[in-house]
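There is one chain below, alone, in structure tokens, taken in the form predicted on its own.
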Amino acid sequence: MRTPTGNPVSPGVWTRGWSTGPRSARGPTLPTFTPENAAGLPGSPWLVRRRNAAAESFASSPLPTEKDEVWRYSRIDRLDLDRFQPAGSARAGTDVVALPSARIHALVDALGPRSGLVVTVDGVLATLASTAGDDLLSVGRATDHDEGEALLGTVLVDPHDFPLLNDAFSVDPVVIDVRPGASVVDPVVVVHVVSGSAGTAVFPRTVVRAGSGSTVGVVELVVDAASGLLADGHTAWSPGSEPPPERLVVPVTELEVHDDASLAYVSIQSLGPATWQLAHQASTIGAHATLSSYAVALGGGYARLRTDSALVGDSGASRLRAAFIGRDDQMLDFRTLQDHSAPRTTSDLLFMGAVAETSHSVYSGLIRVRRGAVKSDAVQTNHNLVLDEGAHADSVPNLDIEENDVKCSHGSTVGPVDEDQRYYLESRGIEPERAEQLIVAGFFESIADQVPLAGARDLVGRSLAERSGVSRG
């Protein structure tokens, strides 16, 4: 891989037990995720070749297990890929059509003004629009981009496991290409709608390139057509309704922030409670460039997000935020890598979540400072509220420091609602359940205010408040 500054780096390889490289065991034998099925998807010759190579590599590689350090504490051993088949082949390559529903339209409008809009339905492009001039921004299919073949895989250059499966079965990879020096005032909105029947597997793929000296914002949503997020922050599915279908969603997002560029990126996940999500976000940040990334996890039965952030240019900076609330027997799983390979780089990570009922959260992160990355400054913080006796949160911060002249810190907290706060509210006549809701809402208020894009900030604030049981005006 070549970074924005031209230096080789492999952000997907973690050391000291964190490597996800290929193992010698034989790969899985699966009836649907085969090279033959990948080759049957339409597309440009280069994309067909890419899919075929990825499918063959996946077929010859072992599936991950909970014995692998980077999958420790997860539910990956319960995933039966035989139950799923890739979606999108029947509609791939068709003309762009209208928005899939009025509800999705309202959700997009709730985000405020935008410079571009992309909507995919089960991985197939459904809507494409841009109000920014071609001199500022290019938005569309990777196959319609002059550099699409080169851009796809620029950041995630050595995929394994499920990103490799995404490579093999992504139907319409999307490229957002911001011209050098461009200032795009309003964000580009990308919505991946999952609507297939039970057993559907969907593979959204988004590549964002922020050219040198550019400024841009991107909001990416992955939502269930039936049980996803509403414009008021509520979800459409409610307990007691017809059980939601089990699906598999494997999103991959690549963020390439060139020298002196600034990218604000917000991802919101609101999938059905029976859905498996295995998401991967990878980024490279050039010299004097800035990435502000914010992830929100609301849905999914098992929802995993791996975030790799590689600081490859002198004085590059990343600001990584995430907020999540688990309910029922949901599991929300976060793995992060802050990878410093250039001097004077800065990374600041704060992930905050709450788990209730019998839900489970996992945070496992690694700060790595490579030799030569002098005067780097890295912070990693994870805070967790455990609201019920049956809920559980695991927090595992890690450091791998190869330089001396650096500043690095990490910390985590896992615990119940503060009893002093609860007593204070209850002593003033507030019912115990309401008191806990207010405490949880207060816990999330500070991080909700850190969403880097205004329209998304309002939606995230309402969503977190509603999920914690508090109305927000």
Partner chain sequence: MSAGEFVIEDLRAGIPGREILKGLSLTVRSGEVHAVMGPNGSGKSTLAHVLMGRPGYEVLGGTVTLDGVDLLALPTWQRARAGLFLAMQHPIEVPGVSLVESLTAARPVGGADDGVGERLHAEAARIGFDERFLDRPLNVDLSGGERKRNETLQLGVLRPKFAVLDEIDSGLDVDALADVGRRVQEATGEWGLGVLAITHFRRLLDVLHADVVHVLADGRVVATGGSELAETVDRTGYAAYT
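Positions refer to the first chain, counted from 1. Source: prediction; values computed, not measured.
There is another form of the same protein, the form predicted in complex with the partner chain; it is not shown, and what comes next is about it.
- Stretch 435-443 is the contacting one of 400-408, 64-72, 435-443, 31-39, since its residues have non-hydrogen atoms within 4.5 Å of the partner chain in the model of the complex.
- Taking the partner from the other structure, the partner chain in the model of the complex has a heavy atom within 4.5 Å of a heavy atom of Gln421.
- Within this chain, Leu425 lines the site of the partner chain in the model of the complex, having a heavy atom no more than 4.5 Å away.
- Proximity of Gly429 to the partner chain in the model of the complex: non-hydrogen atoms within 4.5 Å are present.
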